[in-house]
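First, one chain by itself in structure tokens, the form predicted alone.
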């Protein structure tokens, strides 16, 4: 008998990759895919509040539901406009426009789209919503779409000139109605809206974007600095043994456990110029000139936001640093005392070096979190007064959902992602923690 064929086996390295494969898939799906989708959207003039640009497309399309809905009224309104123009210098122009629109409509509805249009038209007539995207939208040839759009544009020019030339209110009303109907038909045609990197050029030269970026960086640097200093002090205290240490640890974590939106609302009452306790005592102590300046001035509002953020997230920083302190062996301090080192020397030569990885992790997490700050500012000041506290995330939200401009809002989202990536690289490269280099303290 020959040798038995060896069974297929994975090496330890291959098994290692197999175990981390689910994590890589999750990272790709949860993290990278939204970023890739935001970058793709940023390449288009994509606006939900504009029917002609409410989806990303490289070709002309027509929204058959919208078109059929408005074309139902087109005949009536256009006939009224033609009758109103009889005997005027615009009669021939409006008649020609009516004929051209009729020709393009027949070309659209008697060709390849006839069956699809009849189905949609029947659904619209029966007040049924067209939820099937493939049925609702149809692609148009460029020459047909551009010709149809040019007729709509020409019609608006003629209608506008006609309205300016007449003083008859009935005629003006008929032309206005026809103009609105033609405009709605025009909006049923979805234009190709690929614009490449144009939006990036716009926002990289936008003063408001750089102002929001400056506010974000200032807030991040100042708040994280105070959180690190105060958090380290709290961690050193909690690391000591004293009566009631467990209760103190639990109490310290309370601010961090409160949802950010709730704590922001709470601080808005504390900062209130008329009833806020914090604003009242700050004014009594001479820290501020008047209780009303806490949220009504740019510097006061920024300081108020930083104070609220330090109060809320300092316990998180202290918790991370406390975990790092508990990994330092007491024998190091005992040996240092034998050598005559004081408490300050022990802190700088033992505690800080041994806390390097813990400090890096705490700084990295808090810096990234602070840079993405949104809910605290949005609830407390809304970015005001006069955008003086507007962060880049708040600005992106206003463009995305306030203006419903998904293309430009996606540009700001990508800028936030790139900034966060740069911050992460700087932390890892400059501080050079052994944690990220795959080495352990014990070799």
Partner chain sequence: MRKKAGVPFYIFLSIFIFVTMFPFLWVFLTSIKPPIEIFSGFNWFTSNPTMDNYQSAVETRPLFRYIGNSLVVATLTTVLAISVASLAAYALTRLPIKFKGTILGIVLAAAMFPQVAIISPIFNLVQGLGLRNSYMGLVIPYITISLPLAIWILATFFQKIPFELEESAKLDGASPFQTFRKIIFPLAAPGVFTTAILVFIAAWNEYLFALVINPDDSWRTVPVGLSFYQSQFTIPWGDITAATVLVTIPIVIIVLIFQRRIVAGLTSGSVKE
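Numbering follows the first chain given and starts at 1. All values derive from a computational prediction rather than experimental measurement.
Note that the form predicted in complex with the partner chain isn't included here; everything after this is about it.
Proximity to the partner chain in the predicted bound form, defined as a heavy atom within 4.5 Å, singles out one entry of 345, 211, 326, 160, which is 326. Screening 119, 265, 204, 287 for any heavy atom within 4.5 Å of the partner chain in the predicted bound form leaves a single hit, 265.
For the candidate spot formed by 43, 138 and 189, no residue has a non-hydrogen atom within 4.5 angstroms of the partner chain in the predicted bound form. Proximity of residue 330 to the partner chain in the predicted bound form falls within the 4.5 Å heavy atom cutoff. Contact check for residue 269: a non-hydrogen atom falls within 4.5 Å of the partner chain in the predicted bound form. Although the partner is absent here, residue 426 is not a contact residue: none of its heavy atoms lies within 4.5 angstroms of the partner chain in the predicted bound form.
Residue contact check for residue 67: none of its heavy atoms lie within 4.5 Å of the partner chain in the predicted bound form. Listed stretches are 194-202, 179-187, 251-259, 214-222; the contact stretch with the partner chain in the predicted bound form is 251-259, by a heavy atom cutoff of 4.5 Å. In the predicted bound form, not one residue of 172-205 has a heavy atom within 4.5 Å of the partner chain.
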